[in-house]
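The chain below stands alone and is given as structure tokens, in the form predicted alone.
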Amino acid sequence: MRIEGIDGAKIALAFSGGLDTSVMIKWLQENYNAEIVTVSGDLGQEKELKGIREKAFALGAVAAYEVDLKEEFVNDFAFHALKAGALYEGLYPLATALGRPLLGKALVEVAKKENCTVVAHGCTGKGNDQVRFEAAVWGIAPDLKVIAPVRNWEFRSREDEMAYCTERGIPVAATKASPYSIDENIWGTSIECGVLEDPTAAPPEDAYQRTLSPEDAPSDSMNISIDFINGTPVAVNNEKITSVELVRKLNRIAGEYGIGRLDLIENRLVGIKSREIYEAPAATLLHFAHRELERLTIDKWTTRYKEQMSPAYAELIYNGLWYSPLREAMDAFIDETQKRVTGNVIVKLYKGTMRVLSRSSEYSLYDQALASYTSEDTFDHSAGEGFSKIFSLPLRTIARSKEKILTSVE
């Protein structure tokens, strides 16, 4: 199917250097005589960006941008999701989903700078990312044309694309022996395709990129101390470091202990189920520690309401609605809840497991004198009788009503 309105256009392409977007540069040049400007966002990938500008120029791009987004990504996206307790379907910390709106923003900024009339991305027609990219672009620049060549071109499989690369000498990391599709940033790694498409197959070790298996983790446990201010992590083991350094450090430490390996059959936005494996050592550890500090510092009713909002916030991110009034409104509530989430949490790591050892805060709502069963107990036990009677009054009323019904039937 031919894409209308892009012949001879100058196109800003979200370029990862992977299989799809590498094919895309050549394909758009050959089929539409397009000028390609590549935009590669640095979200803390460890491998993906090495030599990416050189690769873009070698493939024929007229300009190539590599934009450092790490600090903005961690502070304004990942840590917002952390404070919200946003885990999609209770598990996935949304690394890829959080990166897309920021990459979309960078794509728009470069497109405007280079006078591009079209922006392009490498997402498929049955994935979530097509919606995330397009919602991000149109949430900022509603009249900009967006295309997704993967939805239109003739290739029916990754094998077809690899054959195209071989014919034209395009270097790509994917091979028939290692066919995984991998998206990585500092907050986590998403891995799919290949044997992972079979939900009965255990993920092979070669699929994992940044964690040791729990079986291969050190035999000795490790205690990690994390300090938070207003819900944001600021220090590890009493050392204050930048947000990017903090996440990198926890990725390394937690990854060595097998923390953050996730295997999820998830419900995609487009209505199908997919099998993904994720690696998110720092995100998994930080969500665990943050939740424990909230237990200490947030009151019961605020906690209950936030427990309803957290999955809704995660769903919103997953579905690509970052640039929505609803997310901004949710953030206002979440930021208010985090004013007390300041303190320290110590977590023990051991072979893929986490256990909280200590939580402390100047805003702690835990009163030992009230909670204690020792002689220091200050709780007014005599008030318990009246409280219990009033609390259970509806049940007593219902029970009496049932007795009347039974009596009348007899």
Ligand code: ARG
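Numbering starts at 1 and runs along the sequence shown. Computed from a prediction, not measured in an experiment: that's the story for all the values here.
The following text describes the form predicted together with this ligand, which does not appear among the structures shown.
A.B. asks: Is it the case that residue 227, even though its partner is missing from this view, gets within 4.5 Å of this ligand in the model of the complex, heavy atoms only?
C.D. replies: The answer is no: residue 227 has no heavy atom within 4.5 Å of this ligand.
A.B. asks: Even though this ligand is not shown here, does residue 161 get within 4.5 Å of it in the model of the complex, heavy atoms only?
C.D. replies: Residue 161 lies outside the contact set for this ligand.
A.B. asks: Please run the contact check for residue 128 against this ligand in the model of the complex: heavy atoms, 4.5 angstroms, yes or no?
C.D. replies: Answer yes; at least one heavy atom of residue 128 falls within 4.5 Å of this ligand in the model of the complex.
A.B. asks: Does this ligand get within 4.5 angstroms of any non-hydrogen atom of residue 181 in the model of the complex?
C.D. replies: Yes, residue 181 is a contact residue.
A.B. asks: With this ligand left out of view, choose which of 284, 211, 96, 337 has a non-hydrogen atom within 4.5 angstroms of it in the model of the complex.
C.D. replies: Flagged contact: 96.
A.B. asks: If you check 72, 109, 256, 276 against this ligand in the model of the complex, which one has a heavy atom within 4.5 Å?
C.D. replies: Of 72, 109, 256, 276, the residue with a heavy atom within 4.5 Å of this ligand in the model of the complex is 276.
A.B. asks: Mind telling me which stretch in 187 to 195, 136 to 144, 118 to 126, 162 to 170 gets its heavy atoms within 4.5 Å of this ligand in the model of the complex?
C.D. replies: Looking at the other structure, the answer is 187 to 195.
A.B. asks: Kindly confirm or deny that 92, 266 and 318 each have some heavy atom within 4.5 angstroms of this ligand in the model of the complex.
C.D. replies: Judged in the model of the complex, 92, 266 and 318 all sit within 4.5 Å of this ligand.
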